[in-house]
Ligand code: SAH
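Below, in structure tokens: the form predicted on its own, a single chain.
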Amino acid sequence: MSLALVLVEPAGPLNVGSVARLCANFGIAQLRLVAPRCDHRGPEARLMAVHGGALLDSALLFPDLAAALADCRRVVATSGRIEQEGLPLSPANEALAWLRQDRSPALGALVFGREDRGLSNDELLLAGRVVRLSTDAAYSSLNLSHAVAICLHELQQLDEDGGMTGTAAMAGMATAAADDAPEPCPRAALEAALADAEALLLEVGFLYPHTAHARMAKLRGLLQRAQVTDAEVALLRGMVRQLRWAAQQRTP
């Protein structure tokens, strides 16, 4: 599986440059930036990128995280919080082994949040797995580029022959048990299905405008935990279309 590294609203050009260098170090060919709050091609970023400067030039820009992940099937997001709504936290080695299952040419993504406040709950719900890197409780906050380095090093260990030892090997064996399962559907397909479902549920009165966001977040979390496939999301959209048609037929 090819991999994109995604930074959400990075504010520090030195951090972005350092991440570009890390991508070059660990063979990540695609850097995606969501609404960057700094000049990612400026002199400070290039100073830190060194031989990763080409990744700054080729970085893809997106207005929001959903757009950045639209073509991705497996997404791992990082969170500095011990608890958050939606998906439960996964051990880093287990989540990264899941991300690296390489049964198709599908695109996966590793997502990092803002330096000052990380990812929102809504953004975390766009991921199939959420990880928190273990640090000392006395000072748990990691620099963005340091967090990226830890994750990419773990991925490199998983990729190397004989690199999966100890806990990493156990995580790899656990995810290998699902080798026969189809790949999750692309994020764009799931988001389209959820948009269809929300519109229908508003029409029939199951949802109300002032509570729709919170209730749809619960549904999104449920479907993310289930890791629905292309066929399953097509089934869901077909059900929604038929239910809308039936509801319209009964409208006086």
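Residue numbers here begin at 1 and follow the sequence given. Since we're looking at a predicted model, the values are computed, not measured.
One more form of this protein exists, namely the form predicted together with the ligand; it is left out here, but the text below deals with it.
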* Can you check 67 to 75, 93 to 101, 152 to 160, 107 to 115 and let me know which stretch has heavy atoms within 4.5 Å of the ligand in the predicted bound form? => 107 to 115
* Could you tell me if Arg132 has a non-hydrogen atom within 4.5 Å of the ligand in the predicted bound form? -> yes
* Asked: Using heavy atoms and a 4.5 Å limit, would one call Pro182 a contact residue for the ligand in the predicted bound form?
  -> no
* Contact between Ala147 and the ligand in the predicted bound form at 4.5 Å, heavy atoms? -> yes
* Asked: Hey, in the predicted bound form, does Leu125 get a heavy atom within 4.5 angstroms of the ligand?
  -> no
* Asked: So which bits of 63 to 80 sit within 4.5 Å of the ligand in the predicted bound form, heavy atoms only?
  -> Thr78, Ser79, Gly80
